[in-house]
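We begin with a single chain expressed as structure tokens, specifically the form predicted on its own.
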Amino acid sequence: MQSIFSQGPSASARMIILVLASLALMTVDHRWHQLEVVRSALSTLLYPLQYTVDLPIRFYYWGEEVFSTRQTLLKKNREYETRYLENRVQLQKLDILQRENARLRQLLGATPETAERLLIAEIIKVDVDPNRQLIVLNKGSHNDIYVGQPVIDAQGVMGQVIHVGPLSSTAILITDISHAIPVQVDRNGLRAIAFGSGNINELELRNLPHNTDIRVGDTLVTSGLGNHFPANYPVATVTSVKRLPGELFARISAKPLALLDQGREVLLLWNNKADNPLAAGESPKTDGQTKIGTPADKDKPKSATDKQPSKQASKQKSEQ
């Protein structure tokens, strides 16, 4: 018996329409980034839900702090005071080294390194997809966060920001299978690329020949190439170097130094070029002294010793 109500398209037709619409949306988003506004709006709408989901964990840490015993608080306070004094001593040494480095760079005519700005952010969500390693931070475009911004912790590099909303941002970890970071061996300066393996505790160094000078225990730091990660930030430690016969390249694995699956606070890092006049294109102050190897050397008048060879040459010509 025929149904009273008219039937719509079949299930196969609906599936084909949905697949075509999905492909069209992915193409538009990938090529022209036209859906970024929609994604930002959705992230803004979902932020209260993410914050609500994170409330139990916040209450847990709050309760742990409230109900801690007096002895525990005193012990932690002593530890923090000791660590503070040690850090102050290290910062004094670092300040002296930075000033000395700036003087040497100025003497050699090199552009000084830009000042670095830090911002503390809190992790409010971790992606549960085993194929992606993403974290959501409680800082967004209102805090000047930008796509590609490095994310670090107290131990090393964690990843970089891949999406920014008004109130939150999403970062990809360095161990994600789709992530790669330029590094160099701290011992000898050997450059390489560290690829994510999908394992939270492992990075892979690919396309390095068997005779590469790299050892177990070497520390990998950022090389500064690619203009995303500043140079000389710790990334990982080499844990395995296998040179199998019959293979063109060695199999090298490294363990990230950052606590990728622990902690709740991270640091957002960027180069604060506004505070550095040299980064903005201004010339450095040399107190009246000309830099070595600068074009100013060409404008200097020649001394008497410089003019003497020409006089001798003219005298020889007259004698001839």
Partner chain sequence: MALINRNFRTGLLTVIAAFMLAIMPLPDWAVKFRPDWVTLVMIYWAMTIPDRIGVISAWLAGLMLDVSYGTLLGQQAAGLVIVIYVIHMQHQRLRAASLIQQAIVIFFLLLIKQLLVLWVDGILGRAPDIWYYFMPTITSTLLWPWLYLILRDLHRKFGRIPAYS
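Numbering follows the first chain given and starts at 1. For clarity, every value in this text was computed on a predicted model and none was experimentally measured.
Keep in mind that the form predicted together with the partner chain is missing from the display, and what follows is about it.
Peer 1: Any chance R187, V221 and H228 all have a heavy atom within 4.5 Å of the partner chain in the predicted complex?
Peer 2: None of them does, since no heavy atom lies within 4.5 Å of the partner.
Peer 1: Spell out, yes or no, whether the shortest heavy atom distance between N131 and the partner chain in the predicted complex is within 4.5 Å.
Peer 2: Yes, N131 is a contact residue.
Peer 1: In the predicted complex, is there a heavy atom of the partner chain that lies within 4.5 Å of any heavy atom of L35, even though the partner is absent here?
Peer 2: Yes.
Peer 1: Answer with yes or no whether V147 is in contact with the partner chain in the predicted complex, where contact means some heavy atom within 4.5 Å.
Peer 2: Taking the distances in the predicted complex, the answer for V147 is no, it never comes within 4.5 Å of the partner chain.
Peer 1: Does at least one non-hydrogen atom of S253 fall within 4.5 angstroms of the partner chain in the predicted complex?
Peer 2: Close contact is absent here: in the predicted complex, S253 is far from the partner chain, nothing within 4.5 Å, heavy atoms only.
Peer 1: Report the stretch among 188 to 196, 79 to 87, 99 to 107, 175 to 183 that approaches the partner chain in the predicted complex to within 4.5 Å, counting heavy atoms only.
Peer 2: Result for this chain: 175 to 183.
Peer 1: Hey, which residues along 33 to 55 are within 4.5 angstroms of the partner chain in the predicted complex, non-hydrogen atoms only?
Peer 2: Counting only heavy atoms within 4.5 Å of the partner chain in the predicted complex, the contacting residues of 33 to 55 are L35, V38, R39, L42, S43, L45, L46, L49, Q50, T52, V53.
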